[in-house]
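Quick setup: the C-alpha cells below cover two forms of a single protein chain, split into structure 1 and structure 2.
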Structure 1
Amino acid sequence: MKILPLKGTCDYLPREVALRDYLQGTILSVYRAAGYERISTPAIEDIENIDKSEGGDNLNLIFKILKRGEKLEEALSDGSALCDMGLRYDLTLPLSRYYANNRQNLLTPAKCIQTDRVWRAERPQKGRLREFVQCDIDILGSASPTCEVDLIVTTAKALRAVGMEDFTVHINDRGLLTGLLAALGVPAEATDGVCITLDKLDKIGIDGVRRELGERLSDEGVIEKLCALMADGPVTLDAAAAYLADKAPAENLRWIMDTVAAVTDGGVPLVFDLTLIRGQGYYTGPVFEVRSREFRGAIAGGGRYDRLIGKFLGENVPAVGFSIGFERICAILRDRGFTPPTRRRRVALLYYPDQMVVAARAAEELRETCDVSLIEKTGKVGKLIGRIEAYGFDAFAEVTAEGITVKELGQ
C-alpha cells in the first residue's frame, strides 16, 4: 500500500487546514456582505454536459468515469462510449445546469457563491494541481454591465481582506477582440487560433507571436498589421476601438472601467489588456483577470458567458462570474509565513489517567476563552512539552495539588 497522495493532490496538516479555513471564511464573509448566497452542486456531471460546455483546453483534462456493470459490458461489446459521467473541471458548468434546473426558486438576477473542489488531469507542477478549490461568485439573469462592476469591486475587496494588496485587474472583451481581428483581415475560422497565440505575448514576446502567427495565417500583410499594433507596447482601449465598426463593446468596457473607478475612488487598479483572452470558449463578452507580482500568473479570473445556460434551456440567459484562485493565494500566504489573525489561543492540558475528571472539568472552563486539547502524559513530560510547542500550541496546563497551572510556550 502507498502512503503518499496521488501526484497533483495534497494531504493538509492541521496548520495548513487552519489557513485554508481562515481564507475561505474571510472570502465568504465578503461575498455574503455583498449579497451573494452560497449554493452547492454535485462533484459529478453527465459527460454529455461536460463535452458540450466549450471549456477550451480544460475539456482535454476531464477525469471521466466508466460505466458500470451491464452498461460497461454492453459498451465494450458494441463499441459505444465507455464513459457516462465525469468530475467537474470548474464550477461554471455545474452552476449553469443548476440555474436551468432551479431558476423558478431563485431571485432574478441570482447572485451565487460556490466554494468547492474541482478536478483536472493536469501535469502536476507548482501552481497546478489535479484536485483544487475554486471560490466563485456569479450573477445570472442580467445583461447589465453593473454586474461586471459588482463582481470586480467585490473580488477586489475579498483579495484585500486576505492580505493581497499588490494586484492589478486586467480587462478585455471577446466581442471587441474578434471585431478588431476581423477588421485587420483575420479569417473567422482562424480567430480562435490567433487568440491563443496573442494570449502568449507576455511569455514568448512579439517575435514568438510573429512566428506562431506565420503557422496560423497565410497572409503576411495581416500578420504584420497584428504585430505592428502590439509592437510598441500595450494597446489602449481608444486605439483598439478605432478599428471597430461596432463601437458597443469598447463603450461597454469604458463604462465598466469608469464606474469601477468612481465606485472605489480609484482604489482598484484596472487596465485594458487586448492580449487577455481566457481559454474557455463559453465566454461571450467582457473577460477579466487579477495579476499579482507575488505569483507568476493570474490569482483570479472570469468573464461573461451569456450562452452557456442556453445550452440547457434552449434560450439564452445572461450570466457573468469571477473566480478567485484559492490555491494560489494559499501558496502566497504560506510563503509569507502568514498566521490567521483570528485564531484562538491553543492550550494543551496534560494529565495522568487518575486526573481525567479534574482535567476534563478544567478544560471546559478554559474553553470559554481558548481551544483546549486534553493530552495524557506518557513517557518523559519534557519531550511531550517540546512536541506540543513544535506543533503550534501557545501554552500548556497541568493538574497540580493547587489546581490547574498554565504556562506559556515560546518564551
Structure 2
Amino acid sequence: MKILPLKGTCDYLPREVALRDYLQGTILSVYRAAGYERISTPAIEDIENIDKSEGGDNLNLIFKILKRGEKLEEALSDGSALCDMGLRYDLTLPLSRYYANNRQNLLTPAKCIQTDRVWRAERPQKGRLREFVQCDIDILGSASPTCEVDLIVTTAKALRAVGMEDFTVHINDRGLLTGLLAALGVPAEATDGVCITLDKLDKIGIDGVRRELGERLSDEGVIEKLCALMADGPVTLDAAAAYLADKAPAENLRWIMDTVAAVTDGGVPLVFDLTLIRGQGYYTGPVFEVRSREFRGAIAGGGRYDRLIGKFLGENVPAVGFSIGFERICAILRDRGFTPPTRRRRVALLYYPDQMVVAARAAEELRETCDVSLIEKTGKVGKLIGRIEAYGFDAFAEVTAEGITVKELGQ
C-alpha cells in the first residue's frame, strides 16, 4: 500500500497542526468579535448544484463521486451520468444553498463564518494543493455597501492578527468593468473573454494582452482603445467613471473606499484596480483581493454575488463574501519560522509498567496545569530522555522511591 498522501494533499505533523489551529483560532476570534457566526455545510454537494454554479474555471476541477449500487449499473448500461455528487470547490456555493435552506432560522442579514476544506482537481505541482482550507466571512440578505466595508475591515483585521502587515486590498466592480467595455465598443458576448485577458496584464504584459485580444475581437480600433487604456499605468476610478453612462457602480466603490479609510484612519491600503476580475462567474458587483509582497498571487479574495442564491430560491437575495486563502497564510508564517505561543507546559512522565497506577494518578494531578504524557520506560532510559527532549517537551518526570521527581529540559 502507498505511504505518501495523494498528490496535492498533505499530512500535517503535530507542530504544523499546532500552527494551523493557532492561525485558524486567531482568525476565528476576530471574525466572532465582529459579530459573525460559524456555520457548517457538507463537503459533498449534489453534482447538479455544482455544475450550475457559475464557478468559472473551477468547474473543470471538480472531484466527482461515482454512483453506487443499482444506480451505477444503470448508468453504465444506459450511458447516463456516472456521478451524482461532487466535492465542493469553494465555500460560497454550499453557503448559498445553505442560506436558501435555512434562512427562516437565521437573522437577515446573516453574517456567517466558514473555515473548512475545499477540493480542486488541479494538476499536481509545487504549492498547488488539491485539498485546502479557506476562511470565509459572508453577509447574506443585504445589498448595502456597508457590507463590503464590514467585510474588508474585518478581513484586514484578521490578517493583521495573524501577523500579515504588508498587504494591499485591490477593489473593482464587475458592473463598472462591463459598462466600460461596452462604452469602448466590446460586444456583449466577448465581455467575459476580454475580462479574462485584461486580468492577465501583470502576468503577460501589454503585448501579451494585445495578442490575446486579437484572438477575441475583430475590431482593431476597439483593441487599440483597450490597450491605450491599460498601457498608461493604473486607471483611476475617476478616469474609468468618465466612460460610464451609469455612474452608480463607481460612486458605490468610492463610498466603500472612503468609508473603509474613515473607519480605519487609513489603516487599510485600498486601491482601485480596473484589471481585477476574480475568476468566479457568479460575481455581480464589487470584487476584492488582498495582495502581499510575501506571496505571489492573492492571499484573500471575494466579492458580491447577488444572483447565486436566486438560483436556489427563484428570487434573488443579495450577498457578499471575503475568503482568506488559509494555506497561503500558513506558508508565509512557516517561511518566517513562526511558532505559535505555547499553550501549556508539556511534561513526559516516565514509568515502568508496574508503576502505572502511581504514575497515572500523579499525571492526573499535574494535568491541572500541564499537558502530561505517560510514557512507559523501554530500552535505555537515557536515550528515551534524549528523544523526549529533542521532541520538545518542557520537562520530564519519573516515579522514584521519593515520589514523583520533575526535571526541566532544554535549558
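Given the structure is predicted, the values throughout are model-derived calculations rather than measurements. Numbers follow structure 1, counted from its first residue as 1. For the two forms, the rigid core is made up of the largest set of C-alpha atoms that agree within 1.5 Å on superposition.
Form predicted in complex with a further copy of the same chain - which displayed structure it is
Looking at both copies of the chain, structure 2 is the one that matches the description.
Tell me, please, whether between the two structures the C-alpha of Gly69 is shifted by 2 Å or more, with the rigid core used for superposition.
Shift of 2 Å or more: no.
By the 2 angstroms cut-off, has the C-alpha of Ile388 moved between the two structures once the rigid core is superposed?
Yes, shifts by 2 Å or more.
How about Leu19 - superposed on the rigid core, does its CA move between the two structures by 2 Å or more?
No, its C-alpha moves less than 2 Å.
With the core fitted, just quote the Cα shift at Ala348 between the two structures, in angstrom to one decimal.
A shift of 2.8 Å at the C-alpha.
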